[in-house]
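Only one chain is included here, represented as structure tokens and corresponding to the form predicted alone.
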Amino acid sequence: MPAESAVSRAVEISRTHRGRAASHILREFVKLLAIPNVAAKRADLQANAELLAATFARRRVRTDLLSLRTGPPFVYGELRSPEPRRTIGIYAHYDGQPVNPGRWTFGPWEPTLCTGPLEAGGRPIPLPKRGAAIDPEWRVYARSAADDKAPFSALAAAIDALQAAGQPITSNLKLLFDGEEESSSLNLPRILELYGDSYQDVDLWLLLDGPVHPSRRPQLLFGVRGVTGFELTVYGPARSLHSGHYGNWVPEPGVALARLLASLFDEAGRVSVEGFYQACVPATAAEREALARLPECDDELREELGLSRAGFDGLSRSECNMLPSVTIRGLRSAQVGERARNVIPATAEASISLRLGRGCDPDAMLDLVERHIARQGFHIVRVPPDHDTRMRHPWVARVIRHRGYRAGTTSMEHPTVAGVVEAVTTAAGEPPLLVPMSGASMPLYLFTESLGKPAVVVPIANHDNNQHAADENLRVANLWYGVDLYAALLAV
């Protein structure tokens, strides 16, 4: 059977299957979402890994849990084809970002099906019974609904569909599910070092993560930014003080921190750290052409997000995503609202994240930022300062670095990409947008550098999914797209 016919047939099978099994797919998805998955709770991550291993074992995938002394287990999976054309590696992650339950409309791990986006008047409804009609515009609200548990349910459903129909899966599959991607995948290099031989036959890695384009068009991502960061503490008095007795006289650490953070950016929003952008390898001519072909939707995004302005130097959002950036993830200086007190606090703190463009070394980028902090008049320490240190320096800042990793890219012209483009086109009904680099971060570089294999990110989530934030959600239509897409990829 010609490859094109096999792919089209796989998508037809997928659509027929999910038409019959839609409520079952949603219920299996909700079951996975109901397990908390924040890194601090090792037992919860273990439960996620065990459920995923069992889920795919039921699909005749040989599974195993790969564990180190630290960190949650990685889920290994292998499904062999009787007549494989290639071996595809599939990477996804089951951990999620921390939550503040008070900011959620529903509990973060109480998956809730709604008639649409909450901000558009969506209301909660029960999960549909077998055979009931399902509106593709419904949304499932829960932590990791979009980032990154949807691919597991979509992949399981795609395998179900093909196996039930007797449609051959044309590639051997090697699965690798990560439980600490949101905390920089610290153990992934060691896992690949120990178990890399199991993945040596992989011809192409597919990273299942991220959203489709804001225009709702499908996209393929050929690169992702690296990431690193640091925790910053600015010190004031040795203890918190009554603001009436000491205001005006004692320097306030909150003010010093605000000025320091403001110094990181100019008025246009560019990072002011000397040498920050020079560390980044510029886009190639082919990448610039690909960026120019992307649909213009920045104005629509600004309207959606309530922004009167965005970007700098006339760069589009996609062009900004090629560059390194600084994000202030959080600030703390005493309390606010009902918990505020009339004190000058002893410290002010910030959590800072750096996204890294291609060519940026994590440690070198942090060196640049630290030199900038020192130029603002701060003495940098790694441990809380003692009395003598406080007395010798007007301002002291403690910097605790995060471990990070580099950006990773795959050539958009790699020969293995053609089949992926075909699968997306068939599943979506239109060719995908080819994006040189996503603004997000994931350890793609380990596959392209450590294993020496091409790697492409294949997103399925809706762009307005609130990932990493409260009320994270997945549009049901995007889950269905994932089932169809993965079925096509398994038959290409």
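A residue's number is simply how far along the shown sequence it sits, counting from 1. Please read all numbers here as calculations on a predicted model, not as lab measurements.
There is another form of the same protein, the form predicted together with a further copy of the same chain; it is not shown, and what comes next is about it.
Colleague: Is residue 195 part of the interface with a further copy of the same chain in the predicted complex - any heavy atom within 4.5 Å?
Modeller: Outside the cut-off, so no.
Colleague: Using heavy atoms and a 4.5 Å limit, would one call residue 335 a contact residue for a further copy of the same chain in the predicted complex?
Modeller: Although a further copy of the same chain is absent here, residue 335 would touch it in the predicted complex, with heavy atoms inside 4.5 Å.
Colleague: With the partner left out here, check for me: in the predicted complex, does some heavy atom of residue 252 sit within 4.5 Å of a further copy of the same chain?
Modeller: The answer is yes: residue 252 has a heavy atom within 4.5 Å of a further copy of the same chain.
Colleague: Examine residue 355 and determine whether its closest non-hydrogen atom to a further copy of the same chain in the predicted complex is within 4.5 angstroms.
Modeller: Yes - in the predicted complex, heavy atoms of residue 355 and a further copy of the same chain come within 4.5 Å of each other.
Colleague: Within 4.5 Å of a further copy of the same chain in the predicted complex, do we find a heavy atom from each of 278, 366 and 419?
Modeller: Per the other structure, none of 278, 366 and 419 touch a further copy of the same chain.
Colleague: Which of these residues, 267, 135, 289, 201, gets a heavy atom within 4.5 Å of a further copy of the same chain in the predicted complex?
Modeller: Selected residue: 267.
Colleague: Quick one: of 372, 393, 401, 86, which gets a non-hydrogen atom within 4.5 angstroms of a further copy of the same chain in the predicted complex?
Modeller: None of the other options qualify; the answer is 393.
Colleague: a further copy of the same chain isn't shown here, but in the predicted complex, which of 78-86, 256-264, 407-415, 106-114 has heavy atoms within 4.5 Å of it?
Modeller: Contact criterion met by 256-264 only.
Colleague: Within 297-335, which residues have a heavy atom closer than or equal to 4.5 Å from a further copy of the same chain in the predicted complex?
Modeller: The stretch 297-335, when checked against a further copy of the same chain in the predicted complex, contributes 298, 301, 302, 303, 304, 305, 306, 307, 308, 309, 310, 311, 312, 315, 316, 317, 320, 321, 323, 324, 325, 326, 327, 328, 329, 330, 331, 332, 333, 334, 335 at the 4.5 Å heavy-atom cut-off.
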